[in-house]
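Just one chain is shown here, as structure tokens, and it is the form predicted on its own.
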């Protein structure tokens, strides 16, 4: 491809609304352009990178025995009503009506559609196992789309759905997909970690996320340094016996202490001269319309995902200030387990169970209680559960080793769905005994555009993108320093032809631009190898071959440049 004929509108300046490296660089490198909030047009360079991911995904899915289909994006409301998700999914589901007034939605996911297809076609255990996948556009009406392709409303996704006769079959399929996902992200050249994860709105009882490790990641991963354990912090188990600052103390009698205007953990502990680990925070929430008090240590954070799972609630949100006053008798910042309204369900983190003589809100303005103990002096004993975020001081729940918290970008997610959708939609088969049984399902997603963005977040420098070779839109860029010089241009075109003949994906920069502009654009685009055809050709008959990732440059005879570039790519 000749640069002068390629639609590649690069930008010198960073767009004001681009917050992350991938968003900035994909705009500047002419890969994407914004059409509307969270909706992007893929330009030729960006589409080439997307296709690289798609091809790797397709090859590994086919290798694992999955079969490709293409499902409709517009989905009838009746299917979603069968599973109950039409009302539960929330505003991310973009609901529409056709000219006849029939309700539908733009598909954010395809569990209902694929289950409808399979229930009409699969009759017998002999038709199983079955794994169908597609690479297609999804739409989720995110309330706050941001970070370019990292969190858009319209995006390209690979989603696969498996159907098995029993749980043992699902286990085999799930492990095959787990292995396929590892191969996919290894082939993409990414530093990633598979971690245990929450199933969220999709449902099911087991899931793993595949996280590309990057400082700009929205998620936090707890990873063991001694074993393969990894989990999203939303799911990672915390220790039921964290370091206890009150161990061995005799129980005290609680006393009320004036704490005027001290609401936060930092303010209260500084005023009382106690460590945060000695304070119990009381947070008021509403779960499915019912009040809940969540208690965690002052130096820990509530994990709302864990709390919601423990409560079995469909919805969970922080209570507003008026509700807090009504249920606790105090303004925000002074609530405690004492004097709570009887309607409030109290759940304390399991790390609090052994805590003695702790500090908590007094249930009235500008006051706290010191020396409080469970089940004594009006402090009821709550139910205990793991409801906090894990920390690096927690041991690995698998081997007891040391945990590290790392930021990650979710690029893939696999779920064991079980019979949630098949039972709701009547998707059954006949087993060898002629008995009708529900299909056992799994689903497996990969964000294609997000994988490209994550690769850029993980691989860039001050000058631009540094593409991993497998995802690079072009493998080699041949930069002719002065296209008005006939000898330089002829040498550049000969190298370009030699690359193409050897099957390389090459871009010939034949623009009539200054050398500095060409170098800056080559760095911005992140193409792995640059061949510079300049003054050295006349002086020594050589050209420069440079690795984008390391800046290492070699002088190579022009006739050997294509061969050397390909060797450097291997």
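The structure displayed is predicted, hence computed values, not measured ones. Residue numbers count along the first chain shown, from 1.
Although it is not shown, the form predicted in complex with another copy of the chain is what the next lines describe.
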Quiz prompt | One residue of 257, 113, 365, 488 in contact with another copy of the chain, assessed in the predicted bound form (non-hydrogen atom, 4.5 angstroms) | solution = 113
Quiz item: Here the chain is shown alone; which of 288, 353, 98, 301 has a heavy atom within 4.5 Å of another copy of the chain in the predicted bound form?
Solution: 98
Exercise. Using a 4.5 Å heavy atom cut-off, indicate which stretch of 412 to 420, 322 to 330, 394 to 402, 124 to 132 touches another copy of the chain in the predicted bound form.
Key: 124 to 132
Exercise. For the three residues 58, 92 and 153, verify that every one has a non-hydrogen atom within 4.5 Å of another copy of the chain in the predicted bound form; reply yes or no.
Key: yes
Exercise. Determine whether any heavy atom of residue 43 comes within 4.5 Å of a heavy atom of another copy of the chain in the predicted bound form, and answer yes or no.
Key: yes
Quiz item: How about residue 75: is it within 4.5 Å of another copy of the chain in the predicted bound form, going by heavy atoms?
Solution: yes
Quiz item: Is the gap between residue 47 and another copy of the chain in the predicted bound form 4.5 Å or less for some heavy atom pair?
Solution: yes
Practice problem: Flag residue 51 as yes or no: does it have a non-hydrogen atom within 4.5 angstroms of any non-hydrogen atom of another copy of the chain in the predicted bound form? | Solution: yes
Quiz item: Going through 1 to 22 from first to last, which residues have a non-hydrogen atom within 4.5 Å of another copy of the chain in the predicted bound form?
Solution: 5, 6, 7, 9
